[in-house]
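Single chain ahead, by itself, as structure tokens, in the form predicted alone.
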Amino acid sequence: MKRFAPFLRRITAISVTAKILGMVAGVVLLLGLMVTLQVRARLERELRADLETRGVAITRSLAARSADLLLTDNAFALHQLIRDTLENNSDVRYTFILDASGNVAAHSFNQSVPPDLLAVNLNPAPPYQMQTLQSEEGLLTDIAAPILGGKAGAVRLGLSHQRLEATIARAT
């Protein structure tokens, strides 16, 4: 008890007004922290859902637009379609189109599609299939959509979470 005597003397020496202000400040800080964490969680859910909705729309549009090109074996137009998709959507990190046999008909990679990537999110069921992947640059959402119900092939698209995470960090 003697160890705590100096501490108790300091606390009792503080005025009642200062004690009340200290408690109010503590409650305000605690409530502020709780609200910030709730807003952050809500914002993350909303932005993630937005990213996924946008990704599905891009992937399904790409699948619809590539059907005729894939069936007529128009490789140049397929590459142009992929290039336009990347240029117009900053969150898209990659996209590739598989033919009915599962072979890559067109892709956005410098060399070839990484084999590890080809092994995930296979055989998408209509209207689409989604999977979150860990990559060197962070989280990616891989979205796969069948072309003509899967009879002509599939489109795969990868969306980066970097902008989403940066927005959440700025808001917090």
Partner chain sequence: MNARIGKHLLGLIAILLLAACQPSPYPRVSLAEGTPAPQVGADEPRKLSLRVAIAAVISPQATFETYAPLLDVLSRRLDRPVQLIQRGTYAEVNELIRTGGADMAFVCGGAYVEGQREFGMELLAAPQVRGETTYFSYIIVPRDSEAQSLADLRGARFAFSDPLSNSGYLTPLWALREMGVTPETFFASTTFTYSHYNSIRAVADHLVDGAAVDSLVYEFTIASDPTYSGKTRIIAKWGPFGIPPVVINPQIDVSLKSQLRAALLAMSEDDAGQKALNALMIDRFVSVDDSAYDSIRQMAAILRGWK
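If you superpose the two forms and keep the largest set of C-alpha atoms that fall within 1.5 Å, you have the rigid core. None of these values were measured; they are calculated from a predicted model. Positions refer to the first chain, counted from 1.
Quick note: we don't show the form predicted in complex with the partner chain, though the next part is all about it.
The candidate spot formed by D50, S90 and R163 lies out of contact with the partner chain in the predicted bound form, as no residue has a heavy atom within 4.5 Å of it. Exactly one of the stretches 127 to 135, 35 to 43, 22 to 30, 54 to 62 approaches the partner chain in the predicted bound form with heavy atoms within 4.5 Å, and it is 127 to 135. Heavy atoms of R3 reach within 4.5 Å of the partner chain in the predicted bound form, making it an interface residue. With a 4.5 Å cutoff on heavy atoms, R9 does not count as touching the partner chain in the predicted bound form; it lies far away. The partner chain in the predicted bound form comes within 4.5 Å of a heavy atom belonging to L71. The closest heavy atom approach of N123 to the partner chain in the predicted bound form falls outside 4.5 Å. Residues N110, Q111, S112, V113, P114, P115, D116, L117, L118, V120, Q131, T132, L133, Q134, S135 are the ones in 110 to 135 with at least one heavy atom within 4.5 Å of the partner chain in the predicted bound form, listed in sequence order. Taking the rigid core as fixed, one finds a CA shift for L8 of 2 Å or more between the shown form and the other one.
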